[in-house]
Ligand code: HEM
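Single chain ahead, written as structure tokens, the form predicted alone.
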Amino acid sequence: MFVRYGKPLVFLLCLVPFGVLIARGASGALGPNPVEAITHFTGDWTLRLLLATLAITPLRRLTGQVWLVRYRRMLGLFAFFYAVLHVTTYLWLDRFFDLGTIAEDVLKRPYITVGFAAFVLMVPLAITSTQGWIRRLGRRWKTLHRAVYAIGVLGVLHYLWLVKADLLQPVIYGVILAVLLGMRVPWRDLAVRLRSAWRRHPWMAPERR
């Protein structure tokens, strides 16, 4: 049942945060600083959906459920959707498209620098997410979309450098990201290669006395 109706369900679930944000705005429940509230809300959901996207491959390998891959593209595109809302809130509601102030922020504030870098990297991934682009790029498509790992790292750094006191949430995201990336490392193959290199090059071994 879930496999059959999974895509519409996941689509609606990914829209729930947006609906919550609209409802809060309409009811005046965004607090004394609504721009900051919107910025943090959309940033949080960008990172959460990005981590959910990165979790698909490890979950597929652990469970053997190939159908999970069907939702990776949708989760990634929704991560980009919330990233667009996040950046638009900053550019429009926070800085009123003041290009001078924006440029100064990008150059002088590291958390904004890495945040913009992450967003710029997300753009080509969103554009090339269609079947047509997958066919055009061939093997290069996978190479391009490995940029999602760098995006995840930059996203966590952006959050970590943004907060000044409570580091718990960005640290949790960082730990989750580290686990998800670590699960992608072929540890067994790496160990075999290191042992082989050790045997081929005696100078790599510790000095024997």
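A residue's number is simply how far along the shown sequence it sits, counting from 1. Every value quoted in this text rests on a predicted model; they were computed, and no experiment measured them.
One more form of this protein exists, namely the form predicted in complex with the ligand; it is left out here, but the text below deals with it.
Although the partner is absent from this view, A118 contacts the ligand in the predicted bound form, with a non-hydrogen atom inside 4.5 angstroms.
Using a 4.5 angstroms limit between non-hydrogen atoms, M122 touches the ligand in the predicted bound form. Proximity of L177 to the ligand in the predicted bound form falls outside the 4.5 Å heavy atom cutoff. Remark: T39 counts among the residues lining the ligand in the predicted bound form, judged by a heavy atom distance of 4.5 Å or less. Contact check at 4.5 Å (heavy atoms) against the ligand in the predicted bound form: none of A52, L59 and G76 pass. Here the chain stands by itself, but in the predicted bound form one stretch of 59-67, 138-146, 22-30, 151-159, 151-159, has heavy atoms within 4.5 Å of the ligand.
Although the ligand is not shown here, in the predicted bound form the stretch 71-92 places heavy atoms of H86, V87, Y90 within 4.5 Å of it, in sequence order.
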